[in-house]
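Only one chain is included here, represented as structure tokens and corresponding to the form predicted alone.
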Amino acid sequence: MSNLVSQVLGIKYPIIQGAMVWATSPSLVIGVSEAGGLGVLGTGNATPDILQTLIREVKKATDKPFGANLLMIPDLLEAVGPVCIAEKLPVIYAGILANLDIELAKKHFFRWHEAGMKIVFKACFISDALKAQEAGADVIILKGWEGGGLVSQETTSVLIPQGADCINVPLVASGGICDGRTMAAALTLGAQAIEMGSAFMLADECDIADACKDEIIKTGDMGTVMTGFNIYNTSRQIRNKYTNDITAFQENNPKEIVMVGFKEKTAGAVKRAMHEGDIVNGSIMVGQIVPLLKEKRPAKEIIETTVSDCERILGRTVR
């Protein structure tokens, strides 16, 4: 019997590429999907026109399944949801950091299923994963705090066994996974598949700035830091002047001031790093496994070596 996640999503390998804003452009999504994984557009707050353009660019280059990341925010869903339906997007990759509105999820999950789309929901909390399951998600991703970008404060090794005990749809592990060893660990904990984000930032098809890729390769142990920790907007990224400034702002001001000024101080930071190559004043969102990321490779090689090494370690097929 084939892997449950692969079976549901129609992919060859049980690997999902994380949706990273300013890092997962059509070129990376195409590379991952063509290689047998699930490529996912990191659309963030993209307008309907931009999202339509991105989806069409991917569909022109591949007939393999792929997805687009939609945040479970009412106004955003009403704006871009119809575009996904009209463009016949194969997979909706939905998510929110915390406190999923189950009625909102039921409403939109129904619409997407009616349009023939599969729904992958990414959660950082078991409570949100259970809500998404009740609302009808086809696949659940649980992301531990080892991951890059927005995270909670619970590890993958704690989240996945909990999820395996209470989630009935196919389960995907995310956070701190970048190779066959970490994939084998995730599957042993109870997941059926993995999501990798940081590992794909070094893919040849990922068009982030070379300076950004070089900084990822150079970063060693304890090279990441969490920001937004006191305003429920925790995010992991490489330590630099930008993160030092943000941390100082958080530590030296009352929470009320931080809540107001945080958005302004972080605006455009990811784009500065990823597209402009400003690794000093920009935000490079990667996971704790960044010390293991040491070379640039094609997406196909990243996927195939991860799966083959995992199978060798476990002594069984996982695809």
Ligand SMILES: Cc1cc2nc3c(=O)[nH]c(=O)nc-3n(C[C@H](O)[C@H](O)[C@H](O)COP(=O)(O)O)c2cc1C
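Only a predicted model underlies this, so the values are computations on that prediction, with no experimental measurement involved. One rule holds for the numbers: they count along the sequence shown, beginning at 1.
FYI, the form predicted in complex with the ligand isn't displayed, but the following is about it.
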I'd like to know if G287 sits close to the ligand in the predicted bound form, meaning any non-hydrogen atom pair within 4.5 angstroms.
yes
Review point. So in the predicted bound form, does I303 come within 4.5 Å of the ligand, heavy atom to heavy atom?
Key: no
Quiz item: Is there a heavy atom of G18 lying 4.5 Å or less from a heavy atom of the ligand in the predicted bound form?
Solution: yes
Requested in this report: Classify G176 as contacting or not contacting the ligand in the predicted bound form by the rule of any non-hydrogen atom within 4.5 angstroms, answering yes or no.
Outcome: yes
Of the candidate stretches 79-87, 217-225, 193-201, 98-106, the one with residues having heavy atoms within 4.5 Å of the ligand in the predicted bound form is 193-201
Across 142-163, the residues having a non-hydrogen atom within 4.5 Å of the ligand in the predicted bound form turn out to be K143, E146, G147, G148, G149
